[in-house]
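Two versions of one and the same chain are coming, encoded as C-alpha cells; call them structure 1 and structure 2.
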Structure 1
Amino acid sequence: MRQLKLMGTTALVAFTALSPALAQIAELGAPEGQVNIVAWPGYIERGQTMEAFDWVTSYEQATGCMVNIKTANTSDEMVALMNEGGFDLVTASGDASLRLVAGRRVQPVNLSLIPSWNTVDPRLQNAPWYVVDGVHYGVPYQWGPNVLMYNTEVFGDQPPTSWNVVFEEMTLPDGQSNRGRVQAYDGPIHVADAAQYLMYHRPELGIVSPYELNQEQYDAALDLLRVQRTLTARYWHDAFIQMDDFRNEGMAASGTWPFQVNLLQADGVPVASVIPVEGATGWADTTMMHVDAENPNCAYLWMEHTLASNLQADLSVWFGANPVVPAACTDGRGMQTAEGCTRNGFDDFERIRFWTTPVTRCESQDECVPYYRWVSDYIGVIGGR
C-alpha cells in the first residue's frame, strides 16, 4: 500500500514537473477542424455585424478550422471561463493576463511556430503583462489608449491640453463652468488616472507607476477624485450610454476610448480627442493559449492569422484601437491608414501606462494599496464620501 502511494506521488511529481514542457508543442500537426476562443465583444468579427468587417472567413477557408467564439464582458468572466476549461484561446487584458499565468491556466507559446512573430511591434515583444521570466505566454492582439474626448463647440479653438478639465473646477472656453459637464469612468481602475495626473502635477509624492501607490499617494489620488465627484453628473460605465450623454446631456469633456470618439464623429457629433500632457492610461490585450488546449494546431494557426492577415488593420478601424503589427497601419492589408493609427494614438505608446491589477506586493515600493481597496474606496468616493 505504502509502495503504491509512493508510486502515485512520484508519478504525480513527474507529471506536474513535466507538464509545462509537454504542453508546448514543437511542431505543427494537422489542423483539428475547430478552435474555441474567449473574446471581448466585437473583437472577432465574421462580417455579421457589418459586412466589411470580417477577419474570420479567410482563416476558416485557409485552415479548415471553424472558429467558435464565446464573448465575455469583464476580465473576471474571462478568467472564470478559462478556469472552467474547454477553450483554446483568450484575448486577455492586462488585468487578467498575469492572473492567468499565475494560476497556470495558460501555456508558453513556441514563437518559432508563428512565422509573423518578427513583424510584431518591438515595443510589445517583451511587454511585462504577458512575458514572465523571459517566457512568452501568448502573442499581442491589440492595444489602445484612454483618451480625453471633448466637445469642439464648447472648446472652440482652445482644445484642452491637460486632464485638469475633468479633475478641477474651471471655466471652459465657452464661458461656463465645467461643473456637471464632465464625466469619468466608473471602474475603480480610474484611480490610476488620478494618480497619473498627480505624477505630473505633484512630483513630490514620488509616484513611479499609477498602479503602484502607497497609502499617502493613494490618499492624494482619492482626494483628487473627491473634487472630481463634485464636477461629475454621472460616471460612465457603458460605451453607448456615454455616447448618448455626449449627444443629449451636453457633456463637454471626459476620459474615453477612441471607439466612442470614432463612432460619435462618424455620426456628426462635434467631438475630438487628445492625449493630454500628463499622458494617458491604456489597455493592451494578448492572445493566450489554454494549458489544456484541445486544438493546439488550429490555435497556433489562429495566432499566426491574427498577426499576418487583414485582422490587425480592420480590427483597429472597427474598435478604434492600434495594431500590434506596425506594418498594418501602412501596407494596405486592411482598411487602416497611417492617419488612422495616429488618430488612435499609435505614436503615443511611450506616454501610455497600460492597465495592470494593483497588488499589495508591488515592484516599485514596499507595500501598495491592493485592488480590492480601490474598489471599496472608489464606491465611497462616487457616493460622496
Structure 2
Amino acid sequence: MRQLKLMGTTALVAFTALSPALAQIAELGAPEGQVNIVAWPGYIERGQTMEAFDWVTSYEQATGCMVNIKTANTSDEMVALMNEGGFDLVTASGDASLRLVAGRRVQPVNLSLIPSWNTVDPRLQNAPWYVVDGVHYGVPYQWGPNVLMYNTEVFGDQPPTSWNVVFEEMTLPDGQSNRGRVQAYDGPIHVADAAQYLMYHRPELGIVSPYELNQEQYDAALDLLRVQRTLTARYWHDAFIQMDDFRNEGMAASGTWPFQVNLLQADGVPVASVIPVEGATGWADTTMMHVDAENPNCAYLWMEHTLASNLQADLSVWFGANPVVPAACTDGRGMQTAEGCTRNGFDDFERIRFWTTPVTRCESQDECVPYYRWVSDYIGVIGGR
C-alpha cells in the first residue's frame, strides 16, 4: 500500500489490491468515432497554425476518430477539467499527474495494447510522476525545460546567465531597470522556480529538491516571490498573450516554454533563451486516460499514434521540446535532427528538475509543505500579501 498525501488530504490507495489498479481495457474494439483531449496550447496541431505541423489529420483518416481538443493553460486547470469529466485523455505534467492518480480521475493503461511502447526512452518508462507501485497511469508525450527568454535588443552582447534578472531588481544592459519589464508564471508550481534559485544562491537553507520544502525553506521562497512581484508586469498563463507582450509591450525577460521562443523567433521578434547557471525546472508530460473515458478505443489508438517517431520529431521541432522516442532525433522520418535534439536539451535530462506534486510526506525530510498551501499562498503573493 502506498500513501499519497495530496491537497491536504491523505489518499490511501491499495494499488495492488483494488480494481482501479487494473487496466479497464483488455483488448481493443471498434473505434467510437471521436476522442476528447485536454491538452497544453500547441501540443496537438492539425495544420491550422502552420500547415506543415499536423499530426491530427492522419490519425483521423486512419482510425475514423475525430479529435476534439480543449486547451488548458495550467496544471490546476487540467485537474479541474478532469474532475468535471467528459474527456478521454489529458496531457498532464508532473504537478498534475499524481493528483489525478490519487483522486482516481485516471485509469491504469494496458501497455500490451500500445505496440510502440518499447520505443519509449528508458529514462521515462518508469518515471515516478505517472508510475505508482509499478502501475502505469499513462504514456509519455514530450519533455523539456522551462527556459529564460530574453529580449536580445535589451541584453545585446551581455546575455543573461542567471535567473536573477527576473527575481531581483537591477539595471539591465540597455541601462534601464527590469522593474515592470519581466513576467512570472501564473501557477503555484512557480514556487519551485524560486526554490531552485535559492538552492544555488542560499545553500545554507539546505534545499535538496525545489518540490520538497520545509517551512523555513518555503518561507524563503515566498519572500523571494514577493520581491519578484514588485518587478512583474504580468503573471502569464496564456502562451499567446505572453508572445504578444514580447512583441508589443517591451518585455525584457521571463521564464517560458521553448514553444513561445520558437514562434517569436520565426516571426522575427528579437528573443533568445538560455538555461541559467542555477539550472531549470521542467515538465515531462504524460497522456493519461480518464477513469470514465467514453471513447477508450479511440483513446488507445491515439496513445499509440503519439509514439510514432515522425510525430514525435515534428512535435519536438514545433514545441522546442524533446521526443519521448529517441529514434525521432535520428531516424529521419520527421523534421527533427540529432543536432536539434541537442539544442532542445535532450542531453540535459539530469539537469532538469521536473515538475512534481509537492506532498507532506517527502523523501528529503520529515515533513514538507503540501501543494494546497502552495496554491493558497501563491494566490496571496500575486495579490500582494
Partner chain sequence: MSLAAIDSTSPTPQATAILPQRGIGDRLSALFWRRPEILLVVLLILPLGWLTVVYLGSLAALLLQSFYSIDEFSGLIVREFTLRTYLELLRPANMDIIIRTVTMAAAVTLGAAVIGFPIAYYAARYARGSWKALFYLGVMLPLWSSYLVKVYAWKLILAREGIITWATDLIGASAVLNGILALPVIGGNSLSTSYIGTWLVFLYVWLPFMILPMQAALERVPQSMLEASADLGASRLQTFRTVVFPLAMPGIIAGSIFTFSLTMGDYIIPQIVGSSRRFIGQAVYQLQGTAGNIPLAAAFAVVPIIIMLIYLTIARRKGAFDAL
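In this text, all values refer to a predicted model and were calculated from it rather than measured experimentally. Each residue is numbered by where it sits in the sequence of structure 1, with counting from 1.
In this comparison, the chain shown as structure 2 is the form predicted on its own.
For the relative rotation of rigid parts between structure 1 and structure 2, the listed residue sitting on a hinge is 144 (options: 105, 144, 302, 97). When the larger part is held fixed by C-alpha superposition, the smaller rigid part is turned by 20 degrees between structure 1 and structure 2.
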